[in-house]
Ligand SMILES: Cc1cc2nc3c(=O)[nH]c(=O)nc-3n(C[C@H](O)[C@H](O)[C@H](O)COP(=O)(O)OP(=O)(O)OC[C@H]3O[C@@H](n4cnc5c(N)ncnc54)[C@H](O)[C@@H]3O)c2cc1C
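Shown here is one chain on its own, the form predicted alone, set out as structure tokens.
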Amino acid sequence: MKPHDVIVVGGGVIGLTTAYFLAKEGASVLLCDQGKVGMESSWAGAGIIPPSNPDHAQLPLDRLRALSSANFPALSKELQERTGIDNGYVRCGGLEFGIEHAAMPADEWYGLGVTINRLSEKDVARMEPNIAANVGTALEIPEMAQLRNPHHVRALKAACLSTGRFALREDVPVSSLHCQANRVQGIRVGDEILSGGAVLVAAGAWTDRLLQPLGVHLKIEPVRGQIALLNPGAMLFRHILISGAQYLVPRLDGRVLIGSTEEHVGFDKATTAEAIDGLLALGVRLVPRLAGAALERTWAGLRPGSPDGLPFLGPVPGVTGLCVAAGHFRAGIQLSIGTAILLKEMLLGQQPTMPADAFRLAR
């Protein structure tokens, strides 16, 4: 097979977005996925895009998030114009409940330069009449956005194919990375070697399986997150509702996503009665009218968790041409654009948009 400039291993939102940016700039890209692209944790998530201000973000993760959130409106429009697929991006705003330290400055939550409004119980009731009266005060985040994960990854796939520089192989588990003389030469798929000038491993929770034979142990582990989808028959609220690590996301068609759990159960994607019951209880506690909603579906995804909560982005020490983009945990969608920009720049030898030292593999 003719060598490609870059082989991307993993067809989640990180791999797809990076492949699209590479192909747009003329690189020939081959993407391989062990299943169907976009059907693991990228498909399973809720698509919440928290705001961040690029002019004020200081910490590395905040800067990466800001780079992504600032570019989501333009990328969403570009994808729709190129493919005809609407990814559902909309700034719906968010309300965060259960804040214990009411005196803490609002920018402690979302950073400087992000609009945050403190709401009393009466303010919440006026803004969202169907929210329970006893949930307390809230922070309003007007610039919080959401998108439809399945639509977004489908648009990314179609956009990649439209470039004419992109090849796709699905249902092909990569057995190993093919390296010679401390340089990556490609990947092994069964008995076949696919050659590439560089390889990007963006395999989510499965990343360590490919890197461990090279003596690289990032300790990325799967963390199961369960979600329930309800249909109340009408739109009951418009803001994303956040309570600790859990949330309710109102879709424009009236359906509501409730998520999610954090469970260290290996590669088990089963949903459980206990977890789903807990999510439904949260939903009814925040929005009592959800008690009569139809439970349409439940599912789970395996988020790739890293030991320190930061993703791994950049070259593998000692192996020329091999890069990694993995370990985004619950933030794959919201960090995808910034990640793709940085990896595209690394792989093409371009000036970096922002420093990536905090995300290096050997940190």
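On a predicted model such as this, the values are computed, not experimentally measured, just so you know. Quick note: we count residues from 1 along the sequence shown, nothing fancier.
Omitted here: the form predicted together with the named molecule. The next part is about that form.
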item: Options 159-167, 178-186, 201-209, 136-144; stretch whose heavy atom lies within 4.5 Å of the named molecule in the predicted bound form; value: 201-209
item: The single option of 51, 311, 338, 332 touching the named molecule in the predicted bound form, heavy atom within 4.5 Å; value: 332
item: Among the candidates 150, 197, 173, 254, the residue which, in the predicted bound form, approaches the named molecule to within 4.5 Å (heavy atoms); value: 173
item: Residue 119 within 4.5 Å of the named molecule in the predicted bound form, heavy atoms; value: no
item: Partner proximity in the predicted bound form: residue 9 to the named molecule, non-hydrogen atom cutoff 4.5 Å; value: yes
item: Proximity of residue 321 to the named molecule in the predicted bound form, heavy atoms at 4.5 Å; value: no
item: Partner contact for residue 94 in the predicted bound form: the named molecule, 4.5 angstroms, heavy atom; value: no
item: Partner contacts in the predicted bound form for 239-266 (non-hydrogen atom within 4.5 angstroms of the named molecule); value: 247, 260
